[in-house]
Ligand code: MAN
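Presented below, as structure tokens, is a lone chain in the form predicted on its own.
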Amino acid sequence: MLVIGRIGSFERMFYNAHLVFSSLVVLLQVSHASEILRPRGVSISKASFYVPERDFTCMDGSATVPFIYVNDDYCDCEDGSDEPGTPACPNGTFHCTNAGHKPLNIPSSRVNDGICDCCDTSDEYASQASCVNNCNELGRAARAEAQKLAELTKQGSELRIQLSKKGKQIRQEKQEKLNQLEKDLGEAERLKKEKEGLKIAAEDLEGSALKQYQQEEEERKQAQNEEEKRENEQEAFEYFHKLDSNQDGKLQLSELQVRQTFDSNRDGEVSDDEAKFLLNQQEEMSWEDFVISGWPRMKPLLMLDKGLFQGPDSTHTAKQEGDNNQEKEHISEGKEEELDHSEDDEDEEEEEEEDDKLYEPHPEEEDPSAYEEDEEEGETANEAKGEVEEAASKYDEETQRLINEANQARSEFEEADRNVRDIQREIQQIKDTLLKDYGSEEEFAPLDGECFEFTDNEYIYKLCPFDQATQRSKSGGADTRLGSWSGWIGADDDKYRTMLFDGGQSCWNGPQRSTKVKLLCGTEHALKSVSEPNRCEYFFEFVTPAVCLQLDSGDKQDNIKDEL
């Protein structure tokens, strides 16, 4: 059924007469650069839809109109297909033939707008624009560029073949290495198990041989502790009875306040608070309580008063341990110098002299301000000393032999265990590498382990394919990680054109940094440009022969268009 959109009943009678005229109009509107007659703005591929001898049906099928309505500067079709050569339809498309150069499609709104969009000037046929047909010049430049690109692609493609061969060789070598390591791992684990058994056996013999020495050492330490405890209690007992002037078996405040030794703040008298502190805040103290709490409080004050405290000195401590008699002489010499504050009181002086004779210091006592802590430190020092003594102990020949064999067995087991862990680590590294996608033909494998730099006015950027991307200030400082290798994110039909590195260091009050790397064809590997289109999002351009593909003749033209 013929649909005539704008022809009324009166105009229908003239329709046949207009058919002849419309044919003439179409011929006047066709492109002179084509052998196929078609309306202005129509490509050769669509010329079959525009036949002057029959009505025109809109491309979207929305209407059918007489052919004379085509390019009449009035939009009849919803898709604008009836006005390919005029700006009447806002959604229309104008085709530039551009003979001698590349064809071009532009929006119909640019037709006759005074701006030359088509190099053949066909879009400005009715405007006053001074357009010059320069398609031949542009075509020659484009063809030269296309030839240059084709030559670059050819050279790059040859290099890509070499990269692919190297990549496949790398994969094969890694697979062979993996197979060998897995065999080595089995042998290493067997050896480790064997060495572990020898170590356990040697340590059992060593332990049995050392058991008697350990028992003797424990008995010696126990006896030493008991002896020290007995001496300490004896010393405390003698001092308790010396302080208990009324011999009632208890110490009262008054019995302590007559002793200038307990004047801790040196104000000339022993206050109630000072005396009560020594008696654990009690009015009096029995012998049993004195041993537990009184003596540990009084002993440091007595030592301080005699000038016996010195800084940690292992040499002096050893000397004290070796010669208690000399220490007693030292105490006797020091008491005459330290007790001059009681010269006017002969009774006090005698009491202080008795204190000097009574007290014999122990080498563990070093710091009066932290007596209890010193005891713990002394125990630690004694333990360390015991270890040194044990290491220096002389064992009998058979025991020493067992110790040496155990040490050797432990060393051999540790070496075997370390060897197993080294092999396991290397196996995992190779497996991780084999899981990486190095391209359809392993052409990107040689890039793994390589790094490339690009320097701008402020930063030095580094790209390590399949590893990470970083940024460092030219003035120095640490690298800022812009992302770690994530994978390929190119289009489905061109997957290996874009790399993604994500999970980089976080920006200040911003997201983690990430980097996209666009790969371009070239005869060398080089990082060509770096930009930051969005905050914390970086864009690299990397040239490599790995993306240079020699296209079939049917695909070359499209590829050239894309590259240009």
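Start at 1 with the first residue shown and count on from there. Fair warning: this is a prediction, and the values are worked out from it, not measured in the lab.
FYI, the form predicted together with alpha-D-mannopyranose (MAN) isn't displayed, but the following is about it.
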With the partner omitted here, the residue among Y459, Y125, F452, W488 that in the predicted bound form has a heavy atom within 4.5 Å of alpha-D-mannopyranose (MAN) is Y459
Note: exactly one of D60, E53, E532, E524 sits with a heavy atom within 4.5 Å of alpha-D-mannopyranose (MAN) in the predicted bound form, namely E532
With a 4.5 Å heavy atom cut-off to alpha-D-mannopyranose (MAN) in the predicted bound form, the contacting stretch among 62-70, 491-499, 43-51, 505-513 is 505-513
* To do: May I ask you to state whether C536 is within 4.5 Å of alpha-D-mannopyranose (MAN) in the predicted bound form, using heavy atom distances?
  => yes
Hey, in the predicted bound form, is Q471 touching alpha-D-mannopyranose (MAN), heavy atoms inside 4.5 Å?
-> yes
